[in-house]
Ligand SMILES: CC(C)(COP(=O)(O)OP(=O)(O)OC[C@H]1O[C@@H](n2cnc3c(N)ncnc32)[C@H](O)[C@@H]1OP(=O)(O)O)[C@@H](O)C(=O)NCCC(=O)NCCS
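Listed next as structure tokens is one chain, alone, in the form predicted on its own.
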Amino acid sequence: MNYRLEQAADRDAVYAVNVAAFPGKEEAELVDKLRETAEPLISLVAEDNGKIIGHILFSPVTLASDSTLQLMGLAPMAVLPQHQKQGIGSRLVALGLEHCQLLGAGAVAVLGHPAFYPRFGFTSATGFGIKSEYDVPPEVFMIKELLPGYLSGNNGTISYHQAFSEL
């Protein structure tokens, strides 16, 4: 298994992975839209024998109370159904968080499964006084500080890139 940054030649395969992993094409189209409009982006793939079988994307998010904070949002993450539950998604998350830290991001937000993401250090955003722009249960919107205390004294609402609202 090889994990690496996405390359331009991977775009069709990444699209196919996202279509296969989700019930519709929205996530695949979101990835394409974010490539065009969001910066910085971290896009990683899992490759098995030359075939892309997993993908994860991190894009910038903003906290209304302090737009100078460098924050990233994890979404989407996709693994081909026949390769799920083999640790591929977990490895993509761990590597993606490392890349976010190298980029200088102080924290990462995720809207995801509350039994999966805490193993990477994500905790409920409500503990930081932060909520999602989306009306979701508090346990599914989580944050991981990459720099301890980075969010101290900040609260409010995190907004995702405009491409998310265009879905």
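In this text, residue numbers run from 1 along the sequence as written. All of these numbers come straight from a predicted model, not from anything done at the bench.
The discussion below concerns the form predicted together with this ligand, not included here.
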- Item | Option from 139-147, 18-26, 152-160, 5-13 whose residues, in the predicted bound form, bring a heavy atom within 4.5 Å of this ligand | 18-26
- Message: Just checking whether residue 96 would be counted as a contact of this ligand in the predicted bound form - the rule being heavy atoms within 4.5 angstroms.
- Response: no
- Message: Considering non-hydrogen atoms and a 4.5 Å limit, does this ligand approach residue 113 in the predicted bound form?
- Response: yes
- Contact of residue 78 with this ligand in the predicted bound form (heavy atom, 4.5 Å): yes
